Every structure is written in structure tokens, then in C-alpha cells.
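Below, in C-alpha cells: the form predicted on its own, a single chain.
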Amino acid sequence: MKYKKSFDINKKLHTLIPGGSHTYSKGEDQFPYNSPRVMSHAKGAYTWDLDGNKFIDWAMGNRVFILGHAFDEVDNAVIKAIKNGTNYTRPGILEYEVADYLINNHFENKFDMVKFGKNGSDVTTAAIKLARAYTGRKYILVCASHPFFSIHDWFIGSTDMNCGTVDTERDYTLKFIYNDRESVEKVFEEYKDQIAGIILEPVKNDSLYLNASENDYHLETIKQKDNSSDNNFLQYLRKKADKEGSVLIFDEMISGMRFDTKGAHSLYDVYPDLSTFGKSVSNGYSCSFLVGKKEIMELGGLKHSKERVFLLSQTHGSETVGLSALLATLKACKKHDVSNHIWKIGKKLKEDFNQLVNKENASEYFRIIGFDANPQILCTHKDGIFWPELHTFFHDKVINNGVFIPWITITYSHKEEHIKLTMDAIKKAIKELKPLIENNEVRKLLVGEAVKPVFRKYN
């Protein structure tokens, strides 16, 4: 494929925007050199670049779609809302309607109150603030096995990319390993009666975890079992939080729509005190929300006599675009039984991938991990350690055969026909790469640099 227009605009983007992108995981250091750098439009399961190249899109932005690109039912609801005005001087009726639907219908009163934001960092940071206010404690226990929780200092300051943050903020962020009870017990013992809250994704991958970003594959050495059934880890955390007087927070940005539209916690019948949702809840439009118990959430309200918490007060928090998209998305997911569709397509994708790599005798280098609802392709050395050069070369080949699959975000628009086309592209890539692997020429023949971790100290 040719990418002339895409490369030309990319050069100009770097003169105008730091990093040439507004999301680090979309940056040029996260993709092969021979790939599109600027996109023009998208529809359903497909996306097009500036040069007119067409791709099956499994990445779906940064996992921000659940129904597919430009889904008519959601877009039409947004257009209708826009014509009634996008913001008001007092609360708009949509704020009530969406909140009422979420609490009384969608979540079936498992949570008491909701607060809307525009992105994930808004609501996770709001949850941290509430946990500290409710408990009167300072320390936050964060799952180190999960890649990202917020752009704000309390979290980003605890990563390798902490330039510009302050010690006094990051010092209060402690970490534990998923499915490792000992790591949790150790922190609670060391910081007895000081931990305000525990935050983690309730579920991610079933065999191993990735550290840093959606496509930053620094593998943890700890092999994980099914993280909620075999080890009852979520149930353990629920009991531990209750015993220690800490607030349990689930980050459901990804799992909240992928595993079940009500949240992965509903599958395991483990309910946190606070839970955050975003990304695909509004099918590409900007909206997020925090739900939780009234006694905690109300601290950000007016109906109490305690010290006030400046929770979320955003000019665009009540914007009708995001709220109408959220409501339409949730209703469409229920109408089309999207959760079952995602599990079905994911299962087929994994089965076909495994069948292909086994047939090509390439299973030692190309692997697919994760639950059916959230699979992920890894390129590794024989010992299972991530191989950045092979990963980059693999995606170079796959992209130039019309498939974007740096991570996998299954939507309602993805059908079995897309799996077939994807497997055709992957088969071609593996056949081309196998001789390079056998001759130890992957690094030598790769054009450009291998992908790099997002959270790294220097470029």
C-alpha cells in the first residue's frame, strides 16, 4: 500500500501537536513504519486512511466502540439531541433521563448514584478523591498488573513516564499484583489503617498480563489463572476492603462493555463500592460515568452536613451529545444482544487463529490469549517472552494486507466474514515471516524501529 498523503500530514502534525497525536497509544512509535499515519473516515468494521486504503478495524480507536464506527442508531439520537441544544444554564432533562435509566434499569439498583464525565481519567480520579474523603486516609492501592488508570498525578506519577509530577503525590500510590493475595496482605500490613481505596480492572486476560499500555507488551512473569473463579480473587478483595474499612473501586473502562454491558462485576456477582465506566459506553462519543453507593457519592453533593468534596464539576459534563450517545448505545446493546455477539465472535476468532498457527507450525511465535470477549494476539520468542521486532514485522504484513489488529476490540459490526478476511491476512504474514524467523533475519529486515513501550522514561 502507498501512504504518501498520510506521511506528509504526519510530518505537519508533529509541528503542531506534541507527539503528532492526542493519544499516546496512537502514536507512530506504536505502529510499524510501513503503515497509515492519518485516517480519513470509518464505517461499521472498516476504516480508511488519507490515501484511500481500506482496512478491517479491530482496534476501534482506543477501544471506544461497541457497536461499530458511525452506528446509525446512536448517530441519529445524537443529531436529534443537538437540535435541542447541547448545553443549558441549569441541569438538562437528559441528565435525569440517562441517570434514571442507568441506576433503575441498566444496573437494576445495584448502585445508588451516578456522576457523568467526559473521559476515563475524570471518573477514576473522582473515585480516588471520594475514597480519600470517605475514609479520611491518603494511600491508594493500585493493581500493578493493569496498564492504565488516569492521566493525573496520583497514577501517572507512579509510572516510568512521571516527568512533571511531584513526589508528594506519587508517594501515596501503592501497588499489588493481580491474583496475588500475599502482595495485598503485605501492603495492608505495612500501611495498617492508612489505605483509602483499592482500584483495579475486575478482569482482563486469563493467562498473563501486560504492563503499561494497550500495545506495550512487557510481560509479567507471573502466570495467571482465571482471575475470578479459580482463585476467587475479587471476592477476596471485597471481603478485605470491608474488613480494613477501605473503598473497593472497579475500573470497567474495557471490561464494562466487552464482558457484559452491565460490567464484568455482574458476571461474578461481586459489587464494588464505586465503579467507573467510559470508552465504548457511548460508541465513540465522549462520555464516562462514576457509579456507587449513596453514602460515598453524596459527599460530592449538597444534601449532607460533612465537609464538601469538589467532585466533578465540568462545563461539558452535562453536554447532550455524550449523554444522548450513552443512552442510545446502552439501548442498542440490549436490543441487539451485543454481549453474546462479542463472546461468539471472539470465540470464533480465537479458534480460527489457533487452527491457523498450528497448521503453519508457528504456535511458538504467534499466540492468542485472553477470554473470548477480550482476546489479544502476541508475537513471542519460543520461551513466550514478547518479541518487539517480530510483533512490529507481523503487523506491518497484516496491515498491508488490509487488517488493523494491534489490539482486539470486538463490536457488533464485526461478523464472521471479517474473521475470514483477517485470517487470510494473518496466514500470508506468517508464511512470509517464518523463513525470516528460521534464518534469524527479523531484526535485520524490519523496516523502521520496533514498537516501544508507551510509559518509558526517554524517547
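In case it trips you up, residue 1 is the first one in the sequence shown, and so on. Just so it is clear, the structure is predicted and the values come from calculations on it, not from any experiment.
What comes next is about the form predicted together with a small molecule, which does not appear here.
Checking 232, 318, 119, 162 against the small molecule in the predicted complex, a heavy atom within 4.5 Å turns up for just one residue: 119.
Put simply, of 274, 130, 254, 326 only one has a heavy atom within 4.5 Å of the small molecule in the predicted complex, and it is 254. The candidate stretches are 143 to 151, 171 to 179, 346 to 354, 332 to 340, and the one lying within 4.5 Å of the small molecule in the predicted complex by heavy atoms is 143 to 151.
Taking the partner from the other structure, the small molecule in the predicted complex has a heavy atom within 4.5 Å of a heavy atom of residue 201.
Using a 4.5 angstroms limit between non-hydrogen atoms, residue 279 touches the small molecule in the predicted complex.
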